[in-house]
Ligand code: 1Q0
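Okay, here we've got a single chain as structure tokens, the form predicted alone, with questions on binding and movement later.
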């Protein structure tokens, strides 16, 4: 069993570092935050494997860009978007020769981040007999589902059905009192939300929320 509290603290610490003074999103810390989220998902079992495996692949693509010869252009989300748009390195209307552009790759992680944010917020604010399967499904339907084909949505819905109830969920996490987890989630979620909203607004400004 992974040490969930340290993983959650890792997520908290990295998302704290994500934003610059002028609200730019540092890719290095965004990727580090996602590495922590992947550990969190793996901690919850194979139910979330279809999300965590895809996230790992997307992280690798971003790291390749960040460590490549043009790595200086991939310091922030904002600098990446400007660089790829200026150099026509992103497919805007149909999939073409840049399926692994930084912009497209980050958008996929961005959408998954919204699902996680919604799910964790429901988990944080629910009562003891709250059904995590319902929370997870509702969060998925409000976010990722609209970007997934029918077969993936069907598989996800079936996977969520086997999630344990809220008390068992906290027990599986191998954490102390539930209020301890709730408190840490209460600290982490606003940070994740800030990063999400800033990225969402920036992508919207450049008409990039529906990259193929």
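Residue numbers count along the first chain shown, from 1. Since the model is a prediction, treat every value here as computed from it, not as a measurement.
One more form of this protein should be noted, the form predicted in complex with this ligand, which is absent from this view; the next part is about it.
Practice problem: Using the partner position in the model of the complex, report whether residue 58 sits within 4.5 Å of this ligand, counting heavy atoms only. | Solution: Within the cut-off, so yes.
Quiz item: Any of the heavy atoms of residue 160 lying within 4.5 Å of this ligand in the model of the complex?
Solution: Answer yes; at least one heavy atom of residue 160 falls within 4.5 Å of this ligand in the model of the complex.
Quiz item: Hey, in the model of the complex, does residue 28 get a heavy atom within 4.5 angstroms of this ligand?
Solution: Residue 28: no, not in contact with this ligand in the model of the complex.
Quiz item: If you check in the model of the complex, is residue 152 within 4.5 Å of this ligand, heavy atoms only?
Solution: Yes - in the model of the complex, heavy atoms of residue 152 and this ligand come within 4.5 Å of each other.
Quiz item: Is this ligand in the model of the complex near all of 108, 115 and 136, within 4.5 Å of a heavy atom of each?
Solution: The answer is yes: all three residues contact the partner (heavy atom, 4.5 Å cut-off).
Quiz prompt | Single option in 62, 144, 47, 32 placed near this ligand in the model of the complex, where near means a heavy atom within 4.5 Å | solution = Exactly one residue meets the criterion: 144.
Quiz item: in the model of the complex, which residues of 77-104 put a heavy atom within 4.5 Å of this ligand?
Solution: Those in contact are 95, 104.
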